[in-house]
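Next up is one chain by itself, shown in structure tokens, the form predicted on its own.
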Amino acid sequence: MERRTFLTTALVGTAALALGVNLYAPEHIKVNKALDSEHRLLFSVLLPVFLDDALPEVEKLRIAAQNRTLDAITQTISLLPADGQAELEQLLDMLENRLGLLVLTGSMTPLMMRNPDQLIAMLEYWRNSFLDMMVTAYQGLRELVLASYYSCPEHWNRLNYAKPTFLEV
């Protein structure tokens, strides 16, 4: 067998395998995706990475802050223009899809199975990427998470910010 034939066969086989894994979805995964239409699971993995020092140290308060932020993310997405919502939905679908992960991150390992250091490395790669698409994806996710977190008045204390009182009668 020639080297060129071997490499072509290996490339085609890998592509076919990746496509097959992408198209195959067991029933329990399809049901879970229907229940997670707002991508809460994906954001729950990304929140600790983006909000590393901003989240409270106490576990119960940390979980409450994460849940409140996930609700705020849903509200923030609903306020985006239709084009922005469509782009964000496309990015989130790619991050939840193995073939999309392969294209965006170079690995088919789901984000939920990665440790925080791997997620930080992935996001730093996006942040410093030479591709504008990757930089835009990073900035969009970061701005969405941070804006949603700090849109909640209970998180303003960590910024030493107090709501203006001159408008109150």
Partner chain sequence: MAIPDPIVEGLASGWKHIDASQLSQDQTLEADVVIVGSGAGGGVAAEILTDAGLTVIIVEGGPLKSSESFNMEERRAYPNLYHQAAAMKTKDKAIGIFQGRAVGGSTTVNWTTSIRTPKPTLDFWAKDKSVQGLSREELDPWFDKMEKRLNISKWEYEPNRNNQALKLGCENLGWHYTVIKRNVKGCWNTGYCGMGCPVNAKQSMLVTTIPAALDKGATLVSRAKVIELEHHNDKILAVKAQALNEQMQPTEVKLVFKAKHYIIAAGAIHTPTILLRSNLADPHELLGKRTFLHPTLLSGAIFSDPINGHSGAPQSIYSDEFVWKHGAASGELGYKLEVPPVHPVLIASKTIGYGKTHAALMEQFNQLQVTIALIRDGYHEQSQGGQVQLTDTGFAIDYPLNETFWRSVRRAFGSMAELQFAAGAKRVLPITEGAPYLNSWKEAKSAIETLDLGPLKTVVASAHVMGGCPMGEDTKLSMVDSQGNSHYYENLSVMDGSVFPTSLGANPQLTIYGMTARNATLLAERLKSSS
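Residue numbers count along the first chain shown, from 1. Just so it is clear, the structure is predicted and the values come from calculations on it, not from any experiment.
This next part talks about the form predicted together with its partner chain, which is not shown.
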Worksheet item: Pick from V49, L111, A65, L102: which has a non-hydrogen atom within 4.5 Å of its partner chain in the predicted bound form?
Response: V49
Fill in: Site test, D53, P81 and N160 vs its partner chain in the predicted bound form, non-hydrogen atom cutoff 4.5 Å
yes
Worksheet item: Might L123 be said to contact its partner chain in the predicted bound form, defining contact as any heavy atom within 4.5 Å?
Response: yes
Worksheet item: Is there any non-hydrogen atom of R142 lying within 4.5 Å of its partner chain in the predicted bound form?
Response: yes
Worksheet item: So in the predicted bound form, does S107 come within 4.5 Å of its partner chain, heavy atom to heavy atom?
Response: no
Discussion item. With the partner left out here, check for me: in the predicted bound form, does some heavy atom of V58 sit within 4.5 Å of its partner chain?
Written reply: no
Response to the item:
Those residues of 125-140 with a non-hydrogen atom no more than 4.5 Å from its partner chain in the predicted bound form are R127, D132, V135, T136, Y138, Q139
